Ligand code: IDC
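Just the one chain here, the form predicted alone, laid out as structure tokens.
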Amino acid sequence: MKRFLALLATCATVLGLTALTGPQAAAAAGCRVDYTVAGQWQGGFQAGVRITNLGAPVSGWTLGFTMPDAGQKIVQGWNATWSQSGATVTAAAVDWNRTLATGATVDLGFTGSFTGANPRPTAFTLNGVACTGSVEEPPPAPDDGTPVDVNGQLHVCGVNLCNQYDRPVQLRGMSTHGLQWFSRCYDTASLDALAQDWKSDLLRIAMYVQEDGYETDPAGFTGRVNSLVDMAEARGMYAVIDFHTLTPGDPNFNLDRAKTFFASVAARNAGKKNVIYEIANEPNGVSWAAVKSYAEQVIPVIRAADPDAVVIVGTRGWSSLGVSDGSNENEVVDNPVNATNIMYAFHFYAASHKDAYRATVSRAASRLPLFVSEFGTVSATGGGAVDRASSTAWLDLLDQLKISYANWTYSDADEGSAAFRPGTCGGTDYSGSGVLTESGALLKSRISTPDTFPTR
């Protein structure tokens, strides 16, 4: 989570990939490297490197390239063992990504420093051999369909969220704040603006369980969630139904409530193509084993009524894959939830969660299906100043990895994470510069760019 420079924009550079059979391994028959710069700041930048194997399976690899300016230096890298001698940079595979099947990809990245000019690297090689393979990208979706029209029923394929054409997609959108506090923010005018002006792909419906939420009026909150699902559907947006558990942090405290709620909403919405279920917002102060146990009891309740919808499972440490508790993604990789068509939640707040968190996502994205169902541009408290550089770095990384996201929050709360200035909700303008906060303006500029949903 850093800041980056306009250093290189996106440069797709073809590169070589080979099987290691000895010190002078021969090149495999085809590969590609995509080199992107996520951001740049005074004297520094962050770059991502994606290797795609287009040839035979590869076991063991070393990427090489040349920094074209003597002032460019690697500062810190991830997902490989990085070294630099003069202008020559190498990145060697680590244990968990050394094998690349045909068609497989691996994502690396680094932060760097520079003085003077900052041109893009040249002379990419893999195991010392350049490669001239290329990847045919599927055509983008037509502009005349809504996200749900184009993509239809979503499902998980491998580590990706995929559409009805079995092609990986990224959804970009916004999360509500607590419905008990900000219901006035979610009316016809605001959702029209979200779909038409913001061009959002999804609305995450954050239904708090405690804090004057669901437990105080189960029928009323269930009805409000269903109404917002319908409003999202009418505008061609996906709806993430978020069972927003936060305090207490053990989701098992609300197990019976979760079963009741999800049995109801799954039965009612099973025929819809736009519904995604998020079963526990931010587990905290609890083991992964306890979270997993909860998931394995709630998911069958959903599947009994709605066998096809994607389910998002919260992770330990406030849905940080355990990083905020001093762990990492291996606890999920080594002990996954016993269910299919599921994804794992990752949450971050850009001003608080930076290098270690971003490195975890870069690493985990090749092993787990991830969905950033909540993130903020500010600190983890939801307040403070927008960290524009870190937010941009995060969004660039999520775009690169095709990870879907929902920003906190589409509300006029008096806090830095809110998209609107206080007093906006209940009015008619949800898109103009006069009502957007700095966070809202940043997110609207990112979400409203054209989607690239593949249709074959």
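Sequential numbering from 1, following the sequence displayed. Every value quoted in this text rests on a predicted model; they were computed, and no experiment measured them.
Same protein, other form: the form predicted in complex with the ligand, not shown, and the subject of what follows.
Site residues Asn281, Tyr349 and Ala380 are all in contact with the ligand in the predicted complex, judged by any heavy atom within 4.5 Å. Trp408 belongs to the set of residues with a heavy atom inside 4.5 Å of the ligand in the predicted complex. Contact annotation for Asp396: none of its heavy atoms lies within 4.5 Å of the ligand in the predicted complex. Contact between Trp181 and the ligand in the predicted complex is found at the 4.5 Å heavy atom cutoff.
Among residues of the shown chain, Glu211 is one whose heavy atoms approach the ligand to within 4.5 Å in the predicted complex. Contact with the ligand, judged by heavy atoms within 4.5 Å in the predicted complex, is confined among 146-154, 101-109, 192-200, 240-248 to 240-248. Of the residues Arg358, Arg316, Arg172, His177, just one reaches the ligand in the predicted complex with a heavy atom at 4.5 Å or closer; this is His177.
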